[in-house]
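Single chain ahead, by itself, as structure tokens, in the form predicted alone.
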Amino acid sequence: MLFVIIFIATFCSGFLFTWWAAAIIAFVATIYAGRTAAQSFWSGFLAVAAVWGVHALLKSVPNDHILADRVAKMVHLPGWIWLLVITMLIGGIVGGMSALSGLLVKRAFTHV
């Protein structure tokens, strides 16, 4: 359930807000629906990584990956797919750490 909440909210906000909106969404969603540390981290990681991958592909596919390939060459990567993988890893870490932080804040205020 947490994965779905984070995925849908992050996907919709990705068209309107900046990249860090994903962190806020993962944080708030985990306060609402988070149960365990592992579930929170991996739900946030996988949901945000998937959304960032989808958004990157939505921007890259229409121009046949020309810009992504040039950026990949500029940072000494073999191809655009590696740039996509790194983008997804960074997004996943942002989402996972934000979700875990949300769970820890929830525990801090409920276990007094």
Partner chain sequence: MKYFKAIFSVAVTLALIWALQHRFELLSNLPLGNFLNPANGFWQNSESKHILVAEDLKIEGLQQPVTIRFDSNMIPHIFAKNNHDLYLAQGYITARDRLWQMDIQTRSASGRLSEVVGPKALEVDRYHRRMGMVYGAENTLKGMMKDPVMREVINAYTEGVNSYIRNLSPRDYPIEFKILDYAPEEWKPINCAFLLKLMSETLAGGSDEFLMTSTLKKFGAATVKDLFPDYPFREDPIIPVGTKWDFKPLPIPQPSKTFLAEQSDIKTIQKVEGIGSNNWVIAGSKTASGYPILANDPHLNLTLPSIWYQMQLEAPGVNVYGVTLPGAPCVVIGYNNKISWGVTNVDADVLDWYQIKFKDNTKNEYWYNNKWNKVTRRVEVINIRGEKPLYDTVLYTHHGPVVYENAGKKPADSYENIPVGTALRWIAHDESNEFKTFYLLNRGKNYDDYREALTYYTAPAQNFIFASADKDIAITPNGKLPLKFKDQGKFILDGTDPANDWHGWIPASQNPTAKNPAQGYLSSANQSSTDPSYPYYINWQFGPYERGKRINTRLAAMQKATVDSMRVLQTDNYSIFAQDVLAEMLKYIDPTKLDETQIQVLNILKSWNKRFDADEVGATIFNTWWLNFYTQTWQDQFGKLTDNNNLKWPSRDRTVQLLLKDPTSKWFNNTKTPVVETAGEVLSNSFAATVSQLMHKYGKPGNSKWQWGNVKETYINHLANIPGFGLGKFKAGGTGSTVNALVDGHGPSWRMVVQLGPNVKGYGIFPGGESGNPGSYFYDDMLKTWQDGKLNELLFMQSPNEQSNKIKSTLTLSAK
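Positions refer to the first chain, counted from 1. All of these numbers come straight from a predicted model, not from anything done at the bench.
Beyond the structure shown, there is the form predicted in complex with the partner chain, which is absent from this document and is the topic of what follows.
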Answer yes or no: in the model of the complex, does the partner chain come within 4.5 Å of a heavy atom in every one of 71, 86 and 90?
-> yes
Taking heavy atoms only, is residue 62 within 4.5 angstroms of the partner chain in the model of the complex?
-> yes
Residue 52: touches the partner chain in the model of the complex, heavy atom cutoff 4.5 angstroms | yes
Please run the contact check for residue 94 against the partner chain in the model of the complex: heavy atoms, 4.5 angstroms, yes or no?
-> yes
Please check if residue 100 has a heavy atom lying within 4.5 Å of any heavy atom of the partner chain in the model of the complex.
-> yes
So which bits of 3-40 sit within 4.5 Å of the partner chain in the model of the complex, heavy atoms only?
-> 14, 15, 16, 17, 18, 19, 20, 23, 27
